[in-house]
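A lone chain, given as structure tokens: the form predicted on its own.
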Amino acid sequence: MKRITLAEYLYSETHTRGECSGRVADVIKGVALVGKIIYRQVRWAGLENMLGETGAINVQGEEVKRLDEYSNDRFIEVFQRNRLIGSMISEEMGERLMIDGDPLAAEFLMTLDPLDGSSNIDVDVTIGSIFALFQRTGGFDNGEFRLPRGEEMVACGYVLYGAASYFVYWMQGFGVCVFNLDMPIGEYVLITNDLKVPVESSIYSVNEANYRKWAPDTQKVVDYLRAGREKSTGRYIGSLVADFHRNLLKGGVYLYPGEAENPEGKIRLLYEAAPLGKLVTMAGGKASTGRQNILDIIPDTPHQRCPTILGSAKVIEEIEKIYAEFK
């Protein structure tokens, strides 16, 4: 069977669909390039003194890992060159970055978690880069900057760095695509261009060590997932992008709910919950806070957090019914 590379696929599928699709495809190729650079560095990190912290604290109040900083810098470097991104919001930056050049001339806003799973970097657990792409509108760079809803995305996805590297993305007008990096030729090769998440699954992924911190509604949800269904299988890695990838392929639900004293939870809306939420939605699943579609949330701040439930549609519908019992 002929292997189709990412570049070949994007050209064949987008070159007849107008200028916007072509420019989105160019951004996708840029993300793939950064992914290959980061994957190479992740694989050699122990030999090149890239493990551990830099000593800095990011806007989240978290210690910055060397690979966090490296990954963020590589995204900036690549997209400064191609001039498609006018501005960038990243987990590793306190403020929105205006890319060199005229931001009014560039077409897109990118939101980005350059290296998700920082706490797992030093112990060789699967990690990844998450991104979302928004087309600039009158509100983005026209005097007043407007933070967009997830529903407004034109592309999103993640690059996974583990035993293998996978690039999973969606772009407007297409299905969810999965590519696997073929190391000898240095290219991402197509696995499927229409991934669908199973409607139902026994898998649930949540950090049950936080059970005592949760409000009664969330405790009831997890009790239902654990023991209230015909089957239940707990699977939790503790790396968002790795847990999400498994459940996207095999079905199930990923939860990082709010806590009684921290109702917004931990997951950032613009560059974690929303892009993964859009991805799973376009694969036939759902993205919810338990009470609201994540893609409908209008962000107040670039680093806003939200309770996050992602996965198989039927399971999430049952979860939402439980939350609805609590006012």
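Every value quoted in this text rests on a predicted model; they were computed, and no experiment measured them. A residue's number is simply how far along the shown sequence it sits, counting from 1.
Only in words, not in the display: the form predicted in complex with a small molecule, which the text now covers.
request  = Considering the small molecule in the predicted complex, find the one stretch among 248-256, 157-165, 172-180, 189-197 with heavy atoms no farther than 4.5 Å from it.
outcome  = Contact criterion met by 248-256 only.
task = Taking 4.5 Å between heavy atoms as the contact cutoff, choose which of Ser232, Gln135, Asn207, Asn82 touches the small molecule in the predicted complex.
result = After the contact test, the surviving option is Asn207.
inquiry  = Only one of Gly94, Gly228, Gly238, Pro216 gets a heavy atom within 4.5 Å of the small molecule in the predicted complex. Which one?
reply    = Selected residue: Gly238.
key: Contact label in the predicted complex: Asn72 to the small molecule, heavy atom within 4.5 Å   = No, Asn72 is distant from the partner.
ask   = Using heavy atoms and a 4.5 Å limit, would one call Lys266 a contact residue for the small molecule in the predicted complex?
value = Lys266: contacts the small molecule in the predicted complex.
query = Applying a 4.5 Å heavy atom distance criterion, does Gly117 contact the small molecule in the predicted complex?
reply = Yes, Gly117 is a contact residue.
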